[in-house]
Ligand code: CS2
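So this first bit is one chain, no partners, the form predicted on its own, shown in structure tokens.
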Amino acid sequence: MTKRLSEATRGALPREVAQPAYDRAACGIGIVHLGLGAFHRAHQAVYTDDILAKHSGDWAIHGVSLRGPGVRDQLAPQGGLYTLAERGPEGEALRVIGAVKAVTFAAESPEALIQRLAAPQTRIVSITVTEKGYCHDPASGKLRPEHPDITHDLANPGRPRSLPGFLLAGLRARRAAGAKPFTLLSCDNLPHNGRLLRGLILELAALEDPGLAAWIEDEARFPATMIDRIVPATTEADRARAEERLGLRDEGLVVAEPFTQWVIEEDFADGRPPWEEAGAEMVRDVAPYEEMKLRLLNGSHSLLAYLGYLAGYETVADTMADADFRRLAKCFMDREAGPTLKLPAGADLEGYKAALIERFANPGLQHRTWQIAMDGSQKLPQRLLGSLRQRLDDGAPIDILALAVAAWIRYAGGQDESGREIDVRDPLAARLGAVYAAGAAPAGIVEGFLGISEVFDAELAADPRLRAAVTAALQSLVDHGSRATVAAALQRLEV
């Protein structure tokens, strides 16, 4: 049986595999990261690993899983070590990351996590829990006090379950100890993610203790961020391939494209690592970068995921190999999403769009359309509906944006074009399926979906132009299928 990657075994790694050149044992933990999934390990942890290699210091990471013990079980036996496999058209490079020094599962000991959050050494709490982890209404950005986890946390503040509950418990403990608050650093794909998180924590705190809410409002910091890297889910085939090259078994392997970007608002409560030395961009205003990424990259990713899945394509690269889908993605960026943007100073919009097309087509990444399609009810407001609102306000065409919404509706109905069941992973999955079934015909289905207030605000849902465009697109998807609908859309647009 192959030995596991660990501090004791990493000396046997091949020379071409990069690994930490610093003393991990000498590094203190200054960052707690909530949501220790593949993305954090392929993105923020890599930047931090670069800084530890340059300066050592007390910025190592305590990674926390909120949903289950799986990542803890992968990484704890390896002392937090794991391999990053960067895959581009030219091949694959392997690198062992050492920034994660401790790994825990929150539900096994909520009290221990609160103690870690309360410790003065913890100066930053970073977050990647995806949109649904915020226990909020994506359409309004407000906390959902009726959410089961929030209800539990209000009744059991010392043993929270939710992300907001844990953050508030940590802040409460620091206030009681007379300590500074930590910086709360959201790294999720949410518009104005720092401001959104601040609002949710203040709402929750006000329900419990207005004095605590006032202290958080005055003292805590919630910088906004924009994160960008394509990180597909790791497969067993990926692990087996890495094992052949490493000579060691790595259960915590993550796979990513070579491209990476991190834009961070310069607003911290108690210091930070010099991430700019690792390539991060420290700015005063993240919003233009965030909007460009959400509307171009994430928006077109969702468009390709829903239409590509319905067309029978397993991965984004497979979808982009179809010339019509590639043209549609470019047309989406050029004609509908791109014109809605307020660009950051010095931005090369054409270069960014061209790079996205090539990144999506990267054959080294097996990024499944099904994976990107998850949690659509949480993602659409950020990725597509902002662009839709602006286009409608401007009296501009919305053909492709409406097609993307229709493709999500068709997918959320739970049955593909061959009549096979789709494994729809979404917090509202059962409700979405029921609304689709109750609608009978496309017009009724669209009517039902636009009535889901967690996704569509009332003003947008009432717009007859949106209703007509989405209904026509859904009718075509039902009658003719994804490929024919895409081809017909391109013909109408004369692309």
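Numbers for residues come from their place in the sequence shown, where the first is 1. All figures in this text were calculated on a predicted structure; none of them were measured in a lab.
Form predicted together with this ligand: not shown, discussed below.
In the predicted complex, this ligand sits beyond 4.5 Å of every heavy atom of residue 410. Among heavy atoms of residue 175, none comes within 4.5 Å of this ligand in the predicted complex. Interface residue remark: residue 298 is counted as part of the site for this ligand in the predicted complex, having a heavy atom within 4.5 Å. Looking at residue 189, you'd find a heavy atom of it within 4.5 angstroms of this ligand in the predicted complex. This chain is displayed without this ligand, yet in the predicted complex the stretch 223-231 from 84-92, 386-394, 175-183, 223-231 comes within 4.5 Å of it by heavy atoms.
Contact annotation: of the candidates 195, 293, 326, 147, the single residue with a non-hydrogen atom within 4.5 angstroms of this ligand in the predicted complex is 293. With the partner removed from view, the residue among 113, 403, 216, 372 that has a non-hydrogen atom within 4.5 Å of this ligand in the predicted complex turns out to be 372.
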